[in-house]
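Below you will find one chain, with nothing else, as structure tokens; this is the form predicted alone, and questions on how it binds or moves follow later.
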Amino acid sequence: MTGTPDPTGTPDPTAVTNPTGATDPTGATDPTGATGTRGATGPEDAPAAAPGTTAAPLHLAVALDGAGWHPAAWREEGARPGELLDAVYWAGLVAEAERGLIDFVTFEDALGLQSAAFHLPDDRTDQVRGSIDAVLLAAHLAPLTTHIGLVPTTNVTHTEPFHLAIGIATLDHASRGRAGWRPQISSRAADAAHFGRRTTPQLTEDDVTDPESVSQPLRALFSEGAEAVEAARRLWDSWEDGAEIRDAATGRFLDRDKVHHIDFRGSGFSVKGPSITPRSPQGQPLVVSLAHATVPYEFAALSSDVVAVTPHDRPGAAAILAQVAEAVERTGRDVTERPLRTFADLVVFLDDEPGVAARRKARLDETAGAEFVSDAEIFTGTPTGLADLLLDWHSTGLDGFRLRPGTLPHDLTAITRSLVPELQRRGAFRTEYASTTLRGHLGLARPVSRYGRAG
């Protein structure tokens, strides 16, 4: 990934630089968009503070994409460009993340080829182009892992909510409770041509000058995206726990009274229900979104369990947390019943010796022919220095961080084998997994079906 911000909530993995310097205002792959807003959870789900500290636990996620987030990462020594479409490559990366006790990994995806501009396709041939389906990849990795959360990205603008809901529920079954979902809207009008059913706004160069300007033309798509998430959540609830009886002696497989129509009607679609997939281990898989501006913050406050934001310093982190809290208040979300976890995104280039990571990034920039910039803050330094930064920002109220490795596998192994041990030495990060589900890792209770409560 090259870190060019995607106004729909996903950074553009192909972008070399963003000439406007604008962040991704739509960031709305994470409909929860709330930062640092916590609510009560059951004691059985709340992770204990790290040994030696009474502070709230620090959480770590890793965003995996291609050969890394720098557009020239595929040309770096140690990169494996010939294996980017090979499931074994991804299995190795996720196994490494799990060895580092990472909470979850995310997988990028899109409906069009990567591009150096997040709002338009391009014809470049010197950067990684092409990818494999994120949900199918996560499903393949599910039985190869035991604890780490698996969070694929999907498009909610052109994909039917029913299909999205059963795909993520199936992933939760396959992983035995470790599935998440990163819904993303379509910021590129060209994506619509793959389906021929509708058109979407074409962003202009003027639109992409700053996050707020990007998100405004896409407001209707964010609203529709929130409806898609709500429809999926209702489908996940449409089977109550215990609906499957499976009693061969009596011939009763199903308790039909515990399977419900959802009769959801959105502004542009409706879903009758029920789902074809029974209630999954987590009840509701975790919804994660990326947010950079007012509209995607509201999207996240309505829809997400975790929101990833992109501050560039400690004061910026505090300011964004306040904006997310305001979005939560505007949408009327009850964070006691529905806690919202807030993560900050960082692109990281890590080496043990001071100065080496900065020189490595400079070399990559020279190879790419342009300086790499990102919607997220770019950290170049040592694992110890990054630990200092994470703990400093964590004190603002952030729950955790989603780290984007600049190159793979180098910066991933630096996270798992150097950063994580440093945080453990400071008593700030787990020394073993205490839960077997993704919700459990983040201290989020398993919700009951809304239809069970009503009945």
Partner chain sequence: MSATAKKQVHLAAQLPGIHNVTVWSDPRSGSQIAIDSFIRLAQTVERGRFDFFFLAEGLRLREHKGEVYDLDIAGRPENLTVLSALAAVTTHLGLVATVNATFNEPYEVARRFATLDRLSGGRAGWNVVTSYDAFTGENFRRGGFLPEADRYTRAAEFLTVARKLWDSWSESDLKADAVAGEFATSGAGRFAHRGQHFDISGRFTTPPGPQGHPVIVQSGESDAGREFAASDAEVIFSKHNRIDVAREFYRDVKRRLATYGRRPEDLLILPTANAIVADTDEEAAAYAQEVSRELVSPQTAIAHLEAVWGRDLSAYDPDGPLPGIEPEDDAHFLKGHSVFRKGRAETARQWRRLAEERNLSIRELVIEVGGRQTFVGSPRTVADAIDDYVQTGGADGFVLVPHLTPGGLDDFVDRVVPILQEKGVHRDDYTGTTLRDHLGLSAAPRPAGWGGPGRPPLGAASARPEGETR
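Positions refer to the first chain, counted from 1. This one's a predicted model, so the numbers in the text were calculated from it and none came from an experiment.
Just so it is clear, the following notes concern the form predicted together with its partner chain, a form of the same protein that is not shown.
- Within 4.5 Å of its partner chain in the predicted complex, a heavy atom is found for every one of V135, L171 and T277.
- The stretch from 287-295, 159-167, 353-361, 313-321 that comes within 4.5 Å of its partner chain in the predicted complex, counting heavy atoms only, is 159-167.
- In the predicted complex, its partner chain sits within 4.5 Å of a heavy atom of V259.
- Taking non-hydrogen atoms only, E329 never approaches its partner chain to within 4.5 angstroms in the predicted complex.
- Shown alone here, P217 lies farther than 4.5 Å from its partner chain in the predicted complex, counting heavy atoms only.
- When contacts are judged by a 4.5 Å heavy atom cut-off, W74 counts as touching its partner chain in the predicted complex.
- Note on contacts: among A370, V335, A95, A193, the single residue with a heavy atom within 4.5 Å of its partner chain in the predicted complex is A193.
- Residue in contact with its partner chain in the predicted complex (any heavy atom within 4.5 Å), chosen from A139, A325, A117, L101: A139.
- Residues of 244-262 lying near its partner chain in the predicted complex, listed in sequence order, are E244, R246, D247, A248, T250, G251, R252, F253, L254, R256, V259, H261, the criterion being any heavy atom within 4.5 Å.
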